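One chain is shown next in C-alpha cells, namely the form predicted alone.
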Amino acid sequence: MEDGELFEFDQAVQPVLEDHSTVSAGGDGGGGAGCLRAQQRAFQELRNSELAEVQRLQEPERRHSEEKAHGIAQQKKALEEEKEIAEKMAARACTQTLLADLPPRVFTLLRTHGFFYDPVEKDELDNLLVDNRKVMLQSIAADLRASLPLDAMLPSETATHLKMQQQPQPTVHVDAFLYDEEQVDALCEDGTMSRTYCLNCGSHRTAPLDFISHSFSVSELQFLFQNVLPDLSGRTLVDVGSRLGAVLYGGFVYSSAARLIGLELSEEFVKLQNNILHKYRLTDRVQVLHADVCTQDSLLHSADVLVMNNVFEYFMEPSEQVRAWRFIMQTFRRTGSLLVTVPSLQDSLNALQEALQPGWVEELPVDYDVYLSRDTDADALRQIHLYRVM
C-alpha cells in the first residue's frame, strides 16, 4: 500500500482471516468445523434424550404428589365445611333455646310499659311472630276446613246438636282451631256466618250469639305448650276427646313430648285425624285411639299429662259425665302428673253436683299476662287451668 492510499479492510484483512481459518481447521486431523458441529448435535440429542427420560421417570411421582396435595386440600375443605355446619347447627339450636320465649316476654314487657299501643305497629310485630310451626298448623286447619261443614260438626253428633239447642242463649259452634277472628269476621261480612240473632222475627231487634269451640285456637295451643306446661321431653301426653286433633298437632310442633295420644269416641273423627297424621308425617310421635277413656286405665296410669278441653259437657249425659270423672279421679293418680282442664275442675264438677276428691290434685299458678299475638283471646286463656296430682 502506497502513501496516501486509503485502508480497505475487506481487501486487506479478509483474505488473511480466511487463510488462517483454513490452516487452523486443517490441523484437527481433517474433521474441521463440520466434525465439531456434529459432536455438538450428538451431545445435544443425548442431553435431550436424558432430560426426556428424567421427566418420564419423574412424571408418576409428580402426578402422585399433585393428587396427594389435591386430596389433602379436599379433605381439609370438607372438614372446614363440616365444622362450619356443626357450628351453625349448634348456634341455631342455642339461639332457638335462648330466644324461644323472648318475643312474647319482650313484647309483654314493652306493652306493660305503654309501648306498641298503635294497632298498626302491633300488626307489624304480629307478622314477626309468624313462624313455620304456626304456618304448619294453619295448613292443617285449612285441610280440615275442606273436609268439614262450617260448624265443624258431624251429622252423627245428634246429642251435641240437641245440647246446644237447649242452651239458655242461642249458641253456635265455631271451631277456634279452624277459624281465627279475622276469618270469622270475613265470614260474617259475606253473610256466611252471623254474630247476632233476631229477637223478634221480622224486626231489627237483635242480640249477640254465643260462640263455643271444642278446640283450642293456634294461639291457645302456643300458650298451653310454651307457657302453661313445663318441658315435656320424654313424657307422654293424653288428650281426652281429641276430636279434630288440635292438641296433638300443637304438641307436635310446640313441645318435645315423646308420645302424644288422642282418645276419641267418634270413628269419623279418628279417621279424619289419622289422615292428617299420615299426610304431615306425624305418626312417629302421635297416635289416635278409637276408645272410651273409661277403658284406658293402663294408659292413664302411665300418662304424664292429661288434657281435657270441654270434653264431656256437650257430648255425654250427666250420669255418663259423672262416671267418667269418677274413673279419672280414681285412675289418674301418679304423683307429679299434670292435668289441664277447660273450664276449671270446680266449674265442671259443680255443674254435675259432684265433689272433687280431696287430696287428688292441687291447682298450680298460671301466668296469663303474656303477649302472643293481636288475635289472642285473653278470656279464653284464663279458662285454661293447670293441676298437679298430689
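Sequential numbering from 1, following the sequence displayed. Quantities reported herein were computed from a predicted structural model and do not represent experimental measurements.
From this point on, the text means the form predicted in complex with a small molecule, which you will not see here.
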Considering non-hydrogen atoms and a 4.5 Å limit, which listed residue (D231, D292, E182, E87) is close to the small molecule in the model of the complex?
D292
Have a look at L178, L137, V240, V288 for me and say which one sits with a heavy atom within 4.5 Å of the small molecule in the model of the complex.
V240
Taking F216, E264 and V311 as the candidate spot, are all three within 4.5 angstroms of the small molecule in the model of the complex by heavy atoms?
yes
Is there a heavy atom of V247 lying 4.5 Å or less from a heavy atom of the small molecule in the model of the complex?
yes
Should F315 be counted as a contact of the small molecule in the model of the complex, where contact means heavy atoms within 4.5 Å?
yes
In contact with the small molecule in the model of the complex (heavy atoms, 4.5 Å), from 69-77, 298-306, 256-264, 278-286, is stretch 256-264
